[in-house]
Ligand code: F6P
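Before any questions on how it binds or moves, here is one chain, the form predicted alone, in structure tokens.
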């Protein structure tokens, strides 16, 4: 029996859902002039407006009851205090510790882990200052000009997203490149314009055994040594971010060039750790600390604010409301800011890797829906691509609209056009356009009645599409830190409600494990007899083309 679905708060929400499911937000706004004030929160430089959701005061109260019955408060405290909430791996999830002030103390396994965090930050700051001052020299004595981060998943997405988002805060003329895909095309595209004498490689891998990362790292090492010839010069051009000192040394990287982090840092929560080395090199330690401070502010808000005024809690509960009661299985992330272009991709890993689970913490099979499919893109571009489906498609897709009011360029005319679209789209998705409104519109255009009748069904908008509006004054390191931490905690809230472990990711491993078996087939030039007929045929097809090309090149 699933305890969640048998709980009093869950049953209460089902009863409430039957009463509110057909209510239209347009009417909610019509009869409640204070609805925006009632369902919005001003916090620091951010306005979180959740008034365009299919909820009432009673809905919010019952959702809060659900969080209380799920013991969310105690779970939040357990996370911040370093309890082993990652139950399958018996680990803490202490990414919040990476945002502590330098004077804070947090004991874990008998030691103050903040001392270790601050020590690594100091080492990173030292390297950053050397690079920015032009004192970090390559083997020919020339300054480093290009930094290549080689990683995948959390060792790539987080740093790449933040470096891109905070481009205006770059501290030097360094160029930054990210390689994650083991497809040689990406590697070649990045390396073709680089000079081995002025390039610094960051090999970022928690285990230092991840197949994709280490394959690309080996290719980078071979590229470098083909030019330099002497391995001793790797010391000036390769650094590692890892927990595995032995493998780092085996690869050929000096231990003095290794930056550490810890098993209580999950990959998709690791940009705040040494994995964020490329971020510090890009924007400097001062701005990286501002990023951390923004996250810390959101941590404290999440930890201490009552649920009914708690932004991540409300976001998480709204996701449960739509996923489990309305049956809305996808969620769109729509940043109206070019610098946040990679946000949807970053949040896909954060939410879908965390909550894409079908068993409870104790291993029981779940009988209800968990993590929704997350997707999205820049809002302005999306308006001319997939917004047709948002407005008039047969599926209802809740969405987060995210914007920053002040543009970094202070080009206000373009910004006003973008912001007007940001605001108008949320209004249009909420209100829709009725049959009567559409008829009046078409009549003002002088159409004949028979033409109006033909066009009418195609131009009606049902509306009642839920959205959150997340509005910042401007995009700064501090505000970006708040935004990222907000989504981290929203994800955690949903995991607690669904009674799943949001901090393991065993689903990543099966395909990768089988890939090693298939790779051995390629090396032996023969499929094993353990595969199904489709897999065998695919292996044979790949080998056929590879053999043909190898023969053509050798001939």
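What you see is a predicted model; the values in this text were computed from it and never measured. Positions refer to the first chain, counted from 1.
The form predicted together with 6-O-phosphono-beta-D-fructofuranose (F6P) is left out here; the points below concern that form.
Taking the partner from the other structure, 6-O-phosphono-beta-D-fructofuranose (F6P) in the predicted bound form has no heavy atom within 4.5 Å of any heavy atom of residue 274.
Heavy atoms of residue 351 never reach within 4.5 Å of 6-O-phosphono-beta-D-fructofuranose (F6P) in the predicted bound form, leaving it off the interface. Looking at residue 267, you'd find a heavy atom of it within 4.5 angstroms of 6-O-phosphono-beta-D-fructofuranose (F6P) in the predicted bound form. When 6-O-phosphono-beta-D-fructofuranose (F6P) is considered in the predicted bound form, residue 207 lines it closely, a heavy atom lying within 4.5 Å. Here the chain stands alone, but in the predicted bound form its contact with 6-O-phosphono-beta-D-fructofuranose (F6P), taken as any heavy atom within 4.5 Å, falls in 145 to 153 among 162 to 170, 407 to 415, 442 to 450, 145 to 153.
Distance criterion of 4.5 Å from any heavy atom to 6-O-phosphono-beta-D-fructofuranose (F6P) in the predicted bound form singles out 505 from the list 53, 59, 501, 505. Checked against 6-O-phosphono-beta-D-fructofuranose (F6P) in the predicted bound form, the candidates 523, 38, 512, 30 yield a single residue with a heavy atom inside 4.5 Å, and that residue is 512.
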